[in-house]
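Each of the two blocks below gives one form of the same protein chain as structure tokens; they are labelled structure 1 and structure 2.
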Structure 1
């Protein structure tokens, strides 16, 4: 039933849905952006294991996890926000502010057991501020979160100034970087796994997650289906703020240092990983496995290149190239495919058919 011509109608009998042949399902799975990124990850890891000494060690895997943990953590809710066609650039500043507040509260003598919930709550509030400005005031999230990015980072300096609070108890800091007994896997790896699973289930297996796609791809249709687009978006910002705060706690304890400039400019890495993972900046498309693969791809490539003693400058360029290739390649592939279809059609008809590039909507703007 492989139809070579683009105009052929699906040949399923009237009213029947074709049972999905396994090969076809597999084929369509393989063509998704996520699959491309996961494939790239597998290739990268295999290549690195073969070519780079001490890459394929459990110790290195531990380091890799520690390094990508903060980005991975924030990328999870960021994926949801981007799927609803918004963006949050203030995450790194939220992280920094959390870290600063954590340090400040610690020097005031509060117990960590109290500080951590307070910080998470603050993160939720910071996210809610973004969310309210976006949904209630109706401001574009890109602009709003550039503003709060500066504001939150500034507040972090207000709270902690130029100080660095470093006297966190070893019992906490070593647990964060510590390994699960008998393995080289850091505890944070387990935390990540749990978080990723939770977000994965939320996005891919719950009614809420289904709604997010609809809200992002077609807010009007979502409204017609009984969803409150504003509430949904607001909650996504709150979630992002909370997780960014969690990342701030992790960051502070991992480096044992609470500073206002912690994780400066991390937001671009997070956004880059999310976009690399196949999430459309215009909302409505993307998956968590793709994003996690994207985070790990960035992480393992830079890890491998570092181990291979490739200088940092190449790392920076590779990051950018990956990002560009990941959006341009599928588009070019589409165009080539279209071109072929068109050619086969012009064999029957004499006039040309117009090309309607897949991303016509994308000329729409920085985000839709």
Structure 2
């Protein structure tokens, strides 16, 4: 009869194998910033549904999507820029300049099939200006894009003045605000879905996306690893400018109005949504699911406040408050987490410190 193999392993009930790693993984997921934002979104939607009339309707959900579409579009490339530890505050002015140029070209008699590619090309050039000033001239992106924010908005007034161009064809404006047949979902919602999937694959499933995290976390290490940090950042600014121009085209056709002051101060809403979604302002961290949840959270709060007839001035204050919370709260959470980690390590080090063996005093004897 074979002997048992030494020390017996602790037995576990059926199904217990692997339960502990699953629980640990689930606990780690629930402690992420993305889970916190999604939880806040659920709480905000439930609260607004109970307290605000007409919020929990499919028609209002369609309008909410139309309202946040421009913010969501620009937030996608802005996420990539912030992950590389940069920022672009000129996006709303790029949108306004695109709208002004679009209206000016329309009054000159050009068809929209020609105007739209030209506007997208202009947006890429505006983004390239930011990228060159940041990567070639070595200037901080915060200062550069504050300057271009004023310059692009001023150019928009030079192009169109204080006029408004409103005679765009209904065949275009109705398509932008149209709904998927049989639903209250606007077509722009499907466009956002495709864009979010494309940016999600780029950021989370390609070497380029992993490179963006490396550039944001430690640019020197990324450079030693063979990455061209300058080119990566330059292309992110070009991409952001192009998508901001696309948002300008959407904005103009959705409201049927080309004006130089379109989307004024929208950059604050975009940055607030991105940071609210868990992207670190210092770069190297963040994810697109969290940003999408942040955009929907921001849009749901704004939509509920408008339905509750809160003045627009108060909405601006709410945007600023969310921006502050999205910056301060993650830093406080990180400090609390680091403090707990240090305490845990100190406790383990104390409990594992070996006690010195007692030295027996040699007293001599018959075997000495």
Partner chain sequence: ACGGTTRGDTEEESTSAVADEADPDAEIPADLAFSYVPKQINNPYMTYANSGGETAVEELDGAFEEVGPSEATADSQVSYINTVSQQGADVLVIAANDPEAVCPAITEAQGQGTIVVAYDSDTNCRDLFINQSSTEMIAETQIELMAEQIDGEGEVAILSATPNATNQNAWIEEMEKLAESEEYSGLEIVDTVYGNDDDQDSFEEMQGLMQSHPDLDGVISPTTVGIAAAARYLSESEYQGEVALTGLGLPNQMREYINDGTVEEFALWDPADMAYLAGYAGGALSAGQITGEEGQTFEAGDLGEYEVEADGEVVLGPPTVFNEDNIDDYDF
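Between two forms, the rigid core is defined as the largest C-alpha subset superposing within 1.5 Å. Please read all numbers here as calculations on a predicted model, not as lab measurements. Residue numbers count along the first chain shown, from 1.
The form predicted in complex with the partner chain corresponds to structure 1; structure 2 is the other form. When two forms of a protein are overlaid on their rigid core, residues whose CA moves 2 Å or more are considered shifted, and residue 64 is not one of them between structure 1 and structure 2.
Here residue 48 exhibits a Cα shift of 3.1 Å between structure 1 and structure 2, evaluated on the superposed rigid core.
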